[in-house]
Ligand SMILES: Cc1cc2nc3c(=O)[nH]c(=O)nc-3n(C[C@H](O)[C@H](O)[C@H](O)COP(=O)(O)OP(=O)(O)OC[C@H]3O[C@@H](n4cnc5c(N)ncnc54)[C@H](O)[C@@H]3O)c2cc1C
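Next up: just one chain, as structure tokens, the form predicted on its own.
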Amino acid sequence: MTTHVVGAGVAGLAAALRLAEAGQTVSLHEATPLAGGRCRALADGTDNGTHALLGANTAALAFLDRIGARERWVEPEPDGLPVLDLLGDEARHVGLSPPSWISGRLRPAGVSLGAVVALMRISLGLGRDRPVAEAMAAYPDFLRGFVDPLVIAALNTPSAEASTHRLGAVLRRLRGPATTRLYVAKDGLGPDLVAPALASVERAGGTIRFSARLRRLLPQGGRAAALDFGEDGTILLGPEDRVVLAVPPWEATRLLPHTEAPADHAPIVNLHFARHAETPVRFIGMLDALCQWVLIRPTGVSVTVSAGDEAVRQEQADLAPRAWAEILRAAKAFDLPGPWPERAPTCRVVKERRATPRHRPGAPPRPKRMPLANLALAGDWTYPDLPATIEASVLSGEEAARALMASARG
């Protein structure tokens, strides 16, 4: 019996590892030359995106433990997140946990009892599902300085259109200071997540082949009967063989046309500046800026623009100088060790036009975990109780693996 895992993103890797560790024969098929999906490292070693984890992401952190990579993720801002508001050049440190706001030193702008109560109502899922900005309209400063950045980071959707119920699912996991501790990959997603995950799958006996795109999935009698990889051949599935389909929603609907899947997606734009300096890893937020989040490593500076509908339409020649000018202002505001040249270094821009579903009000699509008797779906979009994140990817992959193993026992 072989389980074929189609897609070597985080969900596919999580499913493959769980199955291989359970003693199953696992064959992993990836359409591109690299594993990792949206968390992959690009061919030049650059991350395709700047990703952070919180202490609340228990499944993702446990996955890092299982692949021996937990120590590669560091806490860059243990004393509060540095945030620069370009509107008034105001620099402050902000706590991500409400108890840290009591002293005042880590308090976001606009905090009031009413604002906290309104946020708690969202956390508890009270009231109808509506845009976050509408629910927080009475507290514009708090919305602008804390809630909107949180919404954009977690949901990749502006608060003017983001679902309060989806935000509430995030807030309910943020209980206590430990859950709001922020972690980033010290060297990058490739060496600190993807490579150790792939190595763990192979150590457990799994195999992988790259540049193998699934062209057609052939069902028969309510089961997946064959996997057609075009020139790479067709795999006929035996009665005990199984499949994890860990692909983006548009690929899932191409292969299984009746799959319920999100159709509207939001972009993310990432800029990666080549800057080599022996400096600590830092993570900085910015308001009223192109740069929402700035991740500084010894090997470079990375910028994330989530919900980047405007940025995705701009050219690199316009984005890079604008972003670098903002980074210089942050470096000065927080006295970051240099060098910080005035002229923007070499920059690579990565545009993900369909990075995540748009998390708007209304019930999200809920695809069946097992649409066929021997096939399970995985991918962050298949775990709609959470936004499309690394956490949801890991949870979906492990749930798909459990579903297949349970069906085999049944």
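Residue positions are given as counts along the sequence shown, with the first one as 1. Since the model is a prediction, treat every value here as computed from it, not as a measurement.
This next part talks about the form predicted together with the named molecule, which is not shown.
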ask   = Does R348 reach the named molecule in the predicted bound form, with heavy atoms at most 4.5 Å apart?
value = no
Partner contact for G49 in the predicted bound form: the named molecule, 4.5 angstroms, heavy atom = yes
ask   = Can any non-hydrogen atom of R203 be found within 4.5 angstroms of the named molecule in the predicted bound form?
value = no
query = P248: heavy atom within 4.5 Å of the named molecule in the predicted bound form?
reply = yes
query = Taking the named molecule in the predicted bound form as the reference, which of A333, I208, A169, A212 has a non-hydrogen atom within 4.5 Å?
reply = A212
key: Answer option from L42, M370, L53, A344, heavy atom within 4.5 Å of the named molecule in the predicted bound form   = L53
query = Just one of 333 to 341, 319 to 327, 266 to 274, 81 to 89 has heavy atoms within 4.5 Å of the named molecule in the predicted bound form; which?
reply = 266 to 274
remark   = Contact check, 7 to 31 vs the named molecule in the predicted bound form, heavy atom within 4.5 Å, ordered by sequence, gives G7, A8, G9, V10, A11, G12, H29, E30, A31
